[in-house]
Each structure stands twice: as structure tokens, then as C-alpha cells.
Ligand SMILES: NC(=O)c1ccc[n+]([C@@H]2O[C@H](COP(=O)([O-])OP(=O)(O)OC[C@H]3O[C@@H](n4cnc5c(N)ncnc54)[C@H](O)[C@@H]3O)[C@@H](O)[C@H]2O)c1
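One chain comes next, on its own, written out as C-alpha cells in the form predicted on its own.
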Amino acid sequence: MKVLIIGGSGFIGRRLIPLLLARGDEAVSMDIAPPPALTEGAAFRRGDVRQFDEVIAAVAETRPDRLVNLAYHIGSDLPPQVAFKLNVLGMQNVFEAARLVGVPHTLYASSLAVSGLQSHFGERPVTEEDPRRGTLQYAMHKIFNEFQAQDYREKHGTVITGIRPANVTGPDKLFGSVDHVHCITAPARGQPVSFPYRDAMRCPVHVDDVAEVFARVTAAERPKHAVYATGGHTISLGELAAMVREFIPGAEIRFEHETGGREKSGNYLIDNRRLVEEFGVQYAPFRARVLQIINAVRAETGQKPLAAG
């Protein structure tokens, strides 16, 4: 199977490509920037998702069995015109190119951000069928992306599947929700870190797990559902700090307030039964992922790895 990954040089894409190659797929990455290191066996072509002629050229020349769009700006800080062209027009370009070329199955990254604050739903897991209450630029664009996909499915019969990652985490995450990342990586570098609220809640999921989700869903010809939430590990920043201190006892992690963050937290209780039941997804214990991130940072800085204990 041939898979074209738009945004393949990014945080998730460069983890997805080796998984596809390992199972015998052909992987082609299109991105505005080359990857830090090209995975052996993968092909790369430069392209800008905002430019329809570049997207359609890549799709028409590649003729992929699967098309995955991971090109996006994670955050709500861009000027409206810039954000629209990348997040909304870029997605439109991908869906239209898939329709014109006849790609059998297209996937894209949505986000838990579409749900908005957890307080909208009370203390219960949010499902894919719940109302989407996100209000920030990033969330609103993801909500509209889900509508775009629905519009193509209903009007053209296009097979399009959205994946809603939770708070994706990994040693090299730089954008979007990063407080849960810094809570691990700063102590691993021997640096102090501080946060406003100890009880701020997150639902981190390791980037390797998210890449595995995309790999599994690409293998399906026609998934049962239009959208799948990855879910993750519900945890407060205070609990995460305690976990980090199990490995780094002297970690300098400070909080300005003990309470006040929970009610301001985004969606952190997520029902991912769709994904688990249909694709058999299972995540490693989050404690093991925390140690993995710590040791990845230590390797970068020339330190010896820590043991699980």
C-alpha cells in the first residue's frame, strides 16, 4: 500500500513513516520543509499544503492508496488570514485533491480541542458524539475541519476519517499544549520549571502511540466511524510532577496555586472505546512513557539513562 503523508516532517509524521515502512507500505512525505533526517526507504517531495496546485500534483503523481494530512499550526496565536490558509484552506485542498484523484481513504488530524472545557460535560468521559464546544482559533478550525470532512462524505461519498489526538507528548514537542511536556523535559535537563496551577488537568498521550493509531487506521479501507478520539492518561500537573520526582528526586517543579486550574482545564476525560474496540489500540503505562521522555532528553544532553526502578 502506498501512503502519502502531508506534513510528514512534523512531530507525528516522522514517527508514522517508520511504522508504515516496517509493515511493508510505501511512504511518501510532502512537506514545506525536509525532515530532520529522512527515514531510509521513504520518499520526500517539497510542497505547501496551502497551494492547491502543489497538493494536487503530489496526489496525482503519487496515486496513493491512503492520504494523511498532518500539516497544521498547533496553537491559536496566528493572524486570522495566516491560520485560515494553513488550517482550513490547506485541509480543503487535501480533501479536494483526494476527491479528484480518487484516493480510497483519506485521514486527517482533528483534536481533543474541539470539545472545549471539561466543565461543559461534568466529570464524565466525553465521546465523539458529544457537542463540540471549543472556542479558540485552533479548536474552531478543527471543528470546521470535521464539518468539511462530513460535507465531502455526504456530497461525494469520499471516505475520510478524523483522528482526535489528546494532549500529544514527547521530548521534542514545541507547540500547542506543552506544559505537560515541560514538566518532564525541564527536570530531565536539570532546569527548574513552574506552572500556575497544581490541579490543572491534562490527558497526555505519547506521540508514538498517536503514530500507531494513525498507522492502524490507515490499514482500514472503510472505518466504521467518521471520527475517533485517541484518549490518553488523565492526570493533573501535580500528579505528573510527583511521577517525575520518582525518577528525578531533586526536580524543581513549582506551582503558584494549589487549586483553581481544574475548572479551567480543557477536555481531560475521554471515552476512546471506538478506537479500542475497532482497532485494538492499547497504550503503555504512562509512567513508562514519562521515563522514556526523560531518557530521550538525557541522551540528547549526554547523560546516562535512568532505570525504571
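Numbering starts at 1 and follows the sequence shown. Computed from a predicted structure; not experimentally measured.
FYI, the form predicted together with the named molecule isn't displayed, but the following is about it.
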Non-hydrogen atom contact Ile32 with the named molecule in the model of the complex at 4.5 angstroms: yes
Pro64: heavy atom within 4.5 Å of the named molecule in the model of the complex? no
Touches the named molecule in the model of the complex: His206 (any heavy atom, 4.5 Å): no
Using the partner position in the model of the complex, report whether Ile294 sits within 4.5 Å of the named molecule, counting heavy atoms only. no
Which one of Arg245, Arg50, Arg262, Arg274 is close to the named molecule in the model of the complex, taking close to mean a heavy atom within 4.5 Å? Arg50
Which pick from Ala220, Leu86, Ala226, Leu117 sits with a heavy atom within 4.5 Å of the named molecule in the model of the complex? Leu86
Based on heavy atom distances of 4.5 Å or less, which listed stretch (184 to 192, 232 to 240, 164 to 172, 126 to 134) is in contact with the named molecule in the model of the complex? 164 to 172
Taking the named molecule in the model of the complex, which residues along 62 to 76 bring a heavy atom to within 4.5 Å of it? Leu70, Ala71, Tyr72, Ile74
